[in-house]
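Okay, here we've got a single chain as structure tokens, the form predicted on its own, with questions on binding and movement later.
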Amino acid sequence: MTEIKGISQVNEVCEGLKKRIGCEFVALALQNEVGPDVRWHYASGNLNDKYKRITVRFGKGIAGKIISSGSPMMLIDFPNDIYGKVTDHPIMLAEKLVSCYAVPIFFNSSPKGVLLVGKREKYTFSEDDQEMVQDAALELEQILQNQILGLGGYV
């Protein structure tokens, strides 16, 4: 797969979203082309490069749950408002995030990716914030679909 960090349009969408919402972190995860695992491919506002080494199973972690359900998810006060173990949320731990809102990114009508925005403080993302994240996810779907289809992946 192409290095997503190298796609300038992805960078522009994510940086623009970060500024509009006033969040500290934006990340993009994609399900592997082969197998069910999900990996974080892009991050902005990251404290370190740990996100690159995080791989979660389909249905596990924020990214895996969103891809398996196809539904958005919000955490307001991590680790206080979660089900399961703290270690089930490696992106939250690696980036010291306290709140996040994440939405699925679809390829060929199937959830295959996740766009996540986060803050390092307790925060409830407003409906406007959520709409901006959804809009950015749609924009990223188009950008990535064009890039990936051009490279023969996810078809």
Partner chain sequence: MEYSATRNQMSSYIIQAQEEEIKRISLELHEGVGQNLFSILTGLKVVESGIKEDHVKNHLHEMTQLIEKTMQEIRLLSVELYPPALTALGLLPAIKSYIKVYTSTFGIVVELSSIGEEKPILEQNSIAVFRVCQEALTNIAKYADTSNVRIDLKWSNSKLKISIFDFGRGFQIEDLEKNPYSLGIATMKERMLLTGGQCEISSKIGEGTSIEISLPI
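Because the structure is a prediction, the values reported are computed rather than measured. Residue numbers count along the first chain shown, from 1.
Just so you know, the form predicted in complex with the partner chain exists too; it's not on screen, but the next bit is about it.
Peer 1: 110-118, 126-134, 22-30, 97-105: which one contacts the partner chain in the predicted bound form at 4.5 Å, heavy atom to heavy atom?
Peer 2: Within 4.5 Å of the partner lies stretch 110-118.
Peer 1: Would you classify Gly70 as touching the partner chain in the predicted bound form, given a 4.5 Å non-hydrogen atom cut-off?
Peer 2: No.
Peer 1: Answer yes if any heavy atom of His41 is within 4.5 Å of a heavy atom of the partner chain in the predicted bound form; otherwise answer no.
Peer 2: Output for His41 is no: heavy atoms all beyond 4.5 Å of the partner chain.
Peer 1: Given that the partner is absent here, does Lys60 sit within 4.5 Å of the partner chain in the predicted bound form, heavy atoms only?
Peer 2: Yes, Lys60 sits close enough to the partner chain in the predicted bound form that at least one of its heavy atoms falls within 4.5 Å.
Peer 1: Find out whether any non-hydrogen atom of Gly45 is located within 4.5 angstroms of the partner chain in the predicted bound form, and reply yes or no.
Peer 2: Heavy-atom contact with the partner chain at 4.5 Å: absent for Gly45.
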